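Take a look at this single chain in structure tokens; it is the form predicted on its own.
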Amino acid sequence: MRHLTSIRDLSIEEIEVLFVIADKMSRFLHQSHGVLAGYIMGSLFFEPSTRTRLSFESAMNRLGGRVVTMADVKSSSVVKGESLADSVRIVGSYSDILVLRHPLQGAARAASLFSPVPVINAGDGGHEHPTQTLCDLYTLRHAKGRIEGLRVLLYGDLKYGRTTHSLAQALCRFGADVLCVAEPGLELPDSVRRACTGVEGVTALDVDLRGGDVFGAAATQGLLLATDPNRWPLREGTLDVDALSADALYVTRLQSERLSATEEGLERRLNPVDRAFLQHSGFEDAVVLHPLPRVDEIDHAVDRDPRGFYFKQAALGVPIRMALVSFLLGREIMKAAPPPAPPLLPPLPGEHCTQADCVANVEGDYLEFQVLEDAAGERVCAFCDHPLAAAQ
């Protein structure tokens, strides 16, 4: 039984096959497929969602299956104290596949240990959102014809923007370059950086942004995850913004619901993506992506610009999720090999996760703590990928 709790659970070859299946399904999107007639999807959303939940439910309905939904945690037994493990055991017994969104980091992996059916991670706190990344990659392929060799700018809240965590890893594995320009104090987590640099051929460079003020005065530093640094205007640790060009701009909102107590009240300081922003010569052919919802980080005037691809991106979430669900339920056969499973390590005495909102810390009464070795050879929490600490 296969689960999708992280984008690392799929090999690049498998993702490419999913694109082919999605292409096939998109050509017959408004016809009844019937390949999942008799199957039921359990939709467990412990956090609000519009696009992810409805695109999954649309995908299942278009495949001929049915959906049972928990879209309001206040009307569920969670308010009575039911554990995540018990919830997935019960709903898993009512359905053939589970789609889970949860506020705790690592919740999807924890759910996979107890679920009797495949689990799909639809977002676990500020950790990952692998199916959004499948949608993002599929959109890039549609817009640019390829992923390898692209230059992608990740722009906004990169600390809590879980979509960027999955996407940065996948882009590096595909051989694309990633420039991270974050809201000050909301930079890409070290765990994601390590996952990216663990990919063969990827170099991480902390760069000073010099030149024009397209990003705004607050943007003075960036992180470049490069498979080929020669694709960028670099000199002695500085990146010339005036000479910068990109194939795609991936914009994220300030994730205000996840800010810590010390971060509350933080306001967006980067420039919004508007017509003036897109007048930069290097963005002439760049598509603008956004996982949505947006707040004020993309001006509504960009909706009328052919480079504004975010609504097409949302629509493409249906065929790619149709492909994924069909695959995990065994209705589409993969000849591509899955990735090797990361090695689990025995926890050391007193070793624990340092992430307060990790599922291992919140639901640890029944959850056996797990440790793995990440791509950079570090011991990390197997649920949320964060560093470990030993008992004092």
Ligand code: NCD
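One rule holds for the numbers: they count along the sequence shown, beginning at 1. Remember, predicted model here, so these are calculated numbers, not experimental data.
Keep in mind the form predicted together with the ligand is missing from the figure; the text below concerns it.
Just to confirm, with a 4.5 Å cut-off on non-hydrogen atoms, which of L292, A71, V199, A243 contacts the ligand in the predicted complex?
The residue in contact is L292.
Going by heavy atom distances of 4.5 angstroms or less, which of R173, R253, R141, R151 would be at the interface with the ligand in the predicted complex?
If I apply the 4.5 Å criterion carefully, the residue I get is R253.
Using a 4.5 Å heavy atom cut-off, which stretch among 112-120, 210-218, 181-189, 158-166 contacts the ligand in the predicted complex?
Selected range: 158-166.
Even though the ligand is not shown here, does H102 get within 4.5 Å of it in the predicted complex, heavy atoms only?
Close contact is absent here: in the predicted complex, H102 is far from the ligand, nothing within 4.5 Å, heavy atoms only.
So, in the predicted complex, is H352 in contact with the ligand at a 4.5 angstroms heavy atom limit?
H352 lies outside the contact set for the ligand.
Residue-level contact is defined here as any heavy atom of the residue lying within 4.5 Å of the ligand in the predicted complex; does R51 satisfy this criterion?
Judged by the heavy-atom cut-off of 4.5 Å, R51 is in contact with the ligand in the predicted complex.
With the ligand taken in the predicted complex, which residues across 109-134 come within 4.5 angstroms through any non-hydrogen atom?
If the 4.5 Å heavy-atom criterion is applied to the ligand in the predicted complex, 109-134 yields H129, Q132.
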